[in-house]
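So this one's two forms of a single chain, laid out as structure tokens and tagged structure 1 and structure 2.
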Structure 1
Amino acid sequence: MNELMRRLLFLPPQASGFARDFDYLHYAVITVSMLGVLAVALALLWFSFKYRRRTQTTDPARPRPEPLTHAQEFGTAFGLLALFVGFWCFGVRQYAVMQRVPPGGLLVYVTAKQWMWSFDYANGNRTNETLYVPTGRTVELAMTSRDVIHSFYVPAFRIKKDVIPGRTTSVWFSAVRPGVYPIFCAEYCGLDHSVMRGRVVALTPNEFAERFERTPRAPGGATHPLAEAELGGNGELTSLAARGERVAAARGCLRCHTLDGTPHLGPSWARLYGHEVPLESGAPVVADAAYLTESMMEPLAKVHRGFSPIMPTYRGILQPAETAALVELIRSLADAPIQPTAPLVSADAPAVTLPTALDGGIAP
């Protein structure tokens, strides 16, 4: 039945954990809708046949038909409202599932630009156009754009989320079956919008670990699926968090923030990610990729309670890849042990010596 309906409606394969549930709601809503349209059409046909005009000359005097009663009007209105609100209840429940990312998944940073997708992994791998994921595991995408608004759309997973410059939006899925699934850009983004495509390659967990989590040793060696990965000077992969540390130093974040739990001018980044942050105004928020990005781009929007609002905005200064690296750095410290006695990072000199090339951002 599922398969029949799916084919009738031309839906793509159901390749994510919630795709099947979504489709069931889809079938229900479309079937009820079409039955409603059919009922209207049949009623119209029946009335036009039964009450067709028989005399072409003047009509015999007909009594004025009774108008619909209030009971009929309100009955239909409330009946329909109940039906539509019913759809809505199911819809919102599923919408909530989509919105709440289950913790503990694989986090991949997505950067959109005209007209290409690129993906950064915590271990430092970077791929263009192809996103490799393991099956059966939650994959969270933290997405941002380098130019205009794009939208990350994988029909087979039934997911779509706008990718917005200056913000981080997230979306999640878990692939149920190994396979290759197309990615489309769904938000019009200029000349080559329609070829801003990519693909998700879902691998079995073993294959994924085997081919992907292993660090490539030699850049010129055997063909690696992720040949585009950024390698350090010694051919080692630099993890994204390590890159984040370099960015934090280069951009001066470490003059106010620490990595070891010591509060300084700003809150420490240790044990921040995934924890609740008390705010100066309003309810506390959980620090996720979206919140961290907002804190860098618009520090005054939500101020950590007990700190003065002195952080400058980094909007237009931090490149999307740098933002991703910083978020990954903060995420890698989510469970860091707190060392209250650790020395503070010097407030006026960056702790790490930096290659000058960093100034233009670490990604092309």
Structure 2
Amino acid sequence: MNELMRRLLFLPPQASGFARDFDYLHYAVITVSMLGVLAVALALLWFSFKYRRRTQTTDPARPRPEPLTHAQEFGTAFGLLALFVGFWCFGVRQYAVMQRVPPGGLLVYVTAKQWMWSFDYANGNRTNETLYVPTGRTVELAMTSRDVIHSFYVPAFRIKKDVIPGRTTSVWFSAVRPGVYPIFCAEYCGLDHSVMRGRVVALTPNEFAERFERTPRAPGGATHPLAEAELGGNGELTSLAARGERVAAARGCLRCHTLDGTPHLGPSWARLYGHEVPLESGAPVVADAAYLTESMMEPLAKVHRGFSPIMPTYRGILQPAETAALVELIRSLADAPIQPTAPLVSADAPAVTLPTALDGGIAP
């Protein structure tokens, strides 16, 4: 029945773990809607025939429809409300599933620009247009844009997420079978919006391990001066975290942040990713890719409690590839050992005046 309904509605293959559940809700909404329209149409035809006007004069013996009782009206309204609430509950549950990323997955950094997709892996590999993923494993995409708003859309996976410049948005999926699945941009982004396409190549775990190690770098290379950080001294690819450490040193991030848990002018990056961060506003926030990117671009939006708000914005200064490298560096330190005797920074510590980012000062 599932395959029959999918073909009748011209839906793409169900290639992700939650695609079938999404389609079941789609089937239910479409079926109920079509049955409701059919019932209304049949009732209209029946009433039109039964109570049609036969003469110009009113026949007192002619039967007239009885009005609905209060119980019938209440029952109809309650039924429609229950149907709406039922659909809403299933939709909310599916939305919650998409928002909770299972641990232990593969994290890929996605950069959108007019008019192409770039994918950076933690081991240093980079591809354009083609995203290689293993089947049966969670894949999380941390996405940002270099220019305008785009939207990452894979119909076979039933995922669609806006990609916004200066921010990081996340989406995840788990491919259930090997294959090639098209990627589209679902947000109009300029003259060649229609050709901004890519593909997801889902491989078996063994094939992915083999292909992943020999995935070529993006042709043409980067034009930013820090692009050489992608290669080690022997010309081999280095990990994205290693590139992030070089970016942190070049941008001056390590003047205020430490990698071993020692407090400094800014929070240490050790054991930061994935942990709760206390904020001056009160409610804590989890330090994920979205929060870290926001802290780089809008540092005053969510100030870490106990630290002075001295960090300038890096919007327009950090390239998306640099941002991804810094996030991966911080993620690699999620379980790093910290200095047990390191003193805590006092919330009453005086603010320190530092050079701005444009002058080569502090970094996120």
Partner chain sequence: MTAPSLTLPRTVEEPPLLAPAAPADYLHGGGVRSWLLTRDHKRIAVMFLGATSLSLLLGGILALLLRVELLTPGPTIMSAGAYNRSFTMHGIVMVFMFMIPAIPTVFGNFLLPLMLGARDVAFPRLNLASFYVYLLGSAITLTSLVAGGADMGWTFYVPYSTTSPSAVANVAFGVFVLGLSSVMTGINFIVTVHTMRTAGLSWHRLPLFVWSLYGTSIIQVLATPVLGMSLLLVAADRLFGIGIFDPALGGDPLLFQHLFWFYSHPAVYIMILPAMGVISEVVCVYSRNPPASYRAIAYSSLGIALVGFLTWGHHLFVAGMSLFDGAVFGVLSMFVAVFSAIKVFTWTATLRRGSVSFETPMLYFFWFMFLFAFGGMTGVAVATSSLDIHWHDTYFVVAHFHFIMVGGTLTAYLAALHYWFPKFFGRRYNERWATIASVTVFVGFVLTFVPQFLLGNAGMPRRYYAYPPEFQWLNVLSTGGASILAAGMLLTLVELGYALAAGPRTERNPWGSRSYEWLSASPPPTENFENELVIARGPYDYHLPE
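Please note that residue numbering is based on structure 1, beginning with 1 at the start of its sequence. In this text the structure is predicted, and so the values were computed from the model without any measurement. Only the largest set of C-alpha atoms that superpose within 1.5 Å between the two forms is called the rigid core.
Participant: Look at both copies of the chain and name the one that is the form predicted together with its partner chain.
Facilitator: Structure 1, not 2.
Participant: Core superposed first, then measure: what is the displacement of the CA of F47 between structure 1 and structure 2, in Å?
Facilitator: With the rigid core fitted, the alpha carbon of F47 is displaced 2.4 Å between structure 1 and structure 2.
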